[in-house]
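This document starts with one chain, in the form predicted alone, laid out as structure tokens.
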Amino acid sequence: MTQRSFELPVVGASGRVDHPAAAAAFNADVARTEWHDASLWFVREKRDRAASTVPGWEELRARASAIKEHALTHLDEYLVQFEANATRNGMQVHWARDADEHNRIVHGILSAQGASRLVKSKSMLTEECGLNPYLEARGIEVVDTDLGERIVQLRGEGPSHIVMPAIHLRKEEVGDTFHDHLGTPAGLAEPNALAAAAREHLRQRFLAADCTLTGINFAIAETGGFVVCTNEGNADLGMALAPIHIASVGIEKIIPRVEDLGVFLRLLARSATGQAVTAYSTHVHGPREGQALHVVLVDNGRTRQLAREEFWRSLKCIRCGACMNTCPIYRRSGGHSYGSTVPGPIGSVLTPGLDLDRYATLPFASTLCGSCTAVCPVMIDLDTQLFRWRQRVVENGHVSLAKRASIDGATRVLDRPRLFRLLGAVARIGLRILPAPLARRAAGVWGRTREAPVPPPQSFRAWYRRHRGGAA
């Protein structure tokens, strides 16, 4: 099955992701945009209600942030400790410098055992590495078993959200997909019936699988064990049945001690979906009898991000998706508009570090309102990092001439108070005498999608002198 064609519409001739153009295409379907916005805001409100039930929620966030900061600043030590303890527990540990090495390692494990059928639980890391098409090109059948992931896999798309992969789709579209690929009755769109059809379809894949692959939410250096959090139990079924279990994890997912787990498990599900806890929080401390268990520790740009003084704290992320659910840009532009595995605010901070030229538009996909920072369970300063990436984009010349000219022009105006006052007076006159459509056109791109403001009778400086006295 050929997959991941979703990036093509958002990539220009230069190979760069054009988020504004892709967002505009998403917004062309007004009904979908409104529904997508409302659905994610509903999840954000559930998060708020769940957080309000936990005494000391802000202290819990601060504790989680401190644990991750400590782990990241001692990452080399904790990775070595994890490897030693995991090996002692009977696991085989592999190290992958990049996506290609990760994929080769996974394929090598499968080939060595003659395995040709792989079932996967949801793993954003394997999406990042492009594992599915890599294995399929080499004759391996890959079946994503998370319901949302299976839906987008059947459609030849990528996930549009890291927790809710198919949030961009209506139930009728899911019904059409299942009719085409699973043979369900045409027009069937009842969620329970669709879930039952998926369950029947996936059960056969679980029973026939030679190998299962899961992600890892938290890897514990102290014990060499790890935790997998799911709501559907698909990861557990795969681990219980398949003779080979491969667990792929980014190196930033290491936490020091078992006692740290309680902090993160209380934060993760509440931040992600408003649940008190995920339905399944599975602790793995070694292979079951007769099973081979492999853990692949993946860098793929993480140490480069760790070396960036302004951005390394983004690696604290526990992949809850809360920043996406609250972000007004993500909610109204859809995950596919980002052209990367991790969309939204955290994706706009992590992805430019992989290829600044290709993803130069992503840091501008933000209002800098700070809502993402306010809900982040590990207190990543996302809005600050987005602003810093914008500066790096401009400094490295990855903006259009028109944007650079507008930035330079605004700088010159704001540096000259007299010129600023003069242009303010001209703008107030223009708003009074120009028809609204002409006023919006005069405002350029900014004005195309905004109502023209009511012209104020005077400037703020004049108002301040009149009501407060003295210079403003």
Partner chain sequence: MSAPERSARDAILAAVREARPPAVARVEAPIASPTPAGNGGISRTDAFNAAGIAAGADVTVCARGDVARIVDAALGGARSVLSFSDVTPFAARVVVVVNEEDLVDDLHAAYARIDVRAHPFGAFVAGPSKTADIEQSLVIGAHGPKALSIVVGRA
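Just so we're clear, the structure is a prediction, and the values are computed from it rather than from any experiment. Numbering follows the first chain given and starts at 1.
Another form exists, predicted in complex with its partner chain; not displayed. Remarks below refer to it.
- request: Go through Asp355, Glu77, Glu310, Asp180 and name the one with a heavy atom inside 4.5 Å of its partner chain in the model of the complex.
  value: It is Glu77 that has a heavy atom within 4.5 Å of the partner.
- request: Would you mind picking the one in Pro243, Gly301, Gly130, Pro256 that has a heavy atom within 4.5 Å of its partner chain in the model of the complex?
  value: None of the others qualify; the residue that does is Pro256.
field: Ile140, Ile318 and Ala360 all contacting its partner chain in the model of the complex, non-hydrogen atom within 4.5 Å
entry: No, the whole trio is out of contact, none within 4.5 Å by any heavy atom.
- request: Heavy atoms, 4.5 Å, its partner chain in the model of the complex: which of 110-118, 345-353, 163-171, 180-188 makes the cut? Say which one.
  value: Only one stretch passes the 4.5 Å heavy-atom test: 163-171.
- prompt: Contact between Arg266 and its partner chain in the model of the complex at 4.5 Å, heavy atoms?
  reply: Within the cut-off, so yes.
- prompt: Does at least one non-hydrogen atom of Phe206 fall within 4.5 angstroms of its partner chain in the model of the complex?
  reply: Phe206: contacts its partner chain in the model of the complex.
- request: Please run the contact check for Ala247 against its partner chain in the model of the complex: heavy atoms, 4.5 angstroms, yes or no?
  value: Because no heavy atom of Ala247 falls inside 4.5 Å of its partner chain in the model of the complex, the answer is no.
- prompt: Should His70 be counted as a contact of its partner chain in the model of the complex, where contact means heavy atoms within 4.5 Å?
  reply: Contact check for His70: yes, within 4.5 Å of its partner chain in the model of the complex.
task: Scan 274-288 and write down, in order along the chain, each residue with a heavy atom lying within 4.5 Å of its partner chain in the model of the complex.
output: If the 4.5 Å heavy-atom criterion is applied to its partner chain in the model of the complex, 274-288 yields Gln275, Ala276, Val277, Thr278, Ala279, Tyr280, Ser281, Thr282, His283, Val284, His285, Gly286, Pro287, Arg288.
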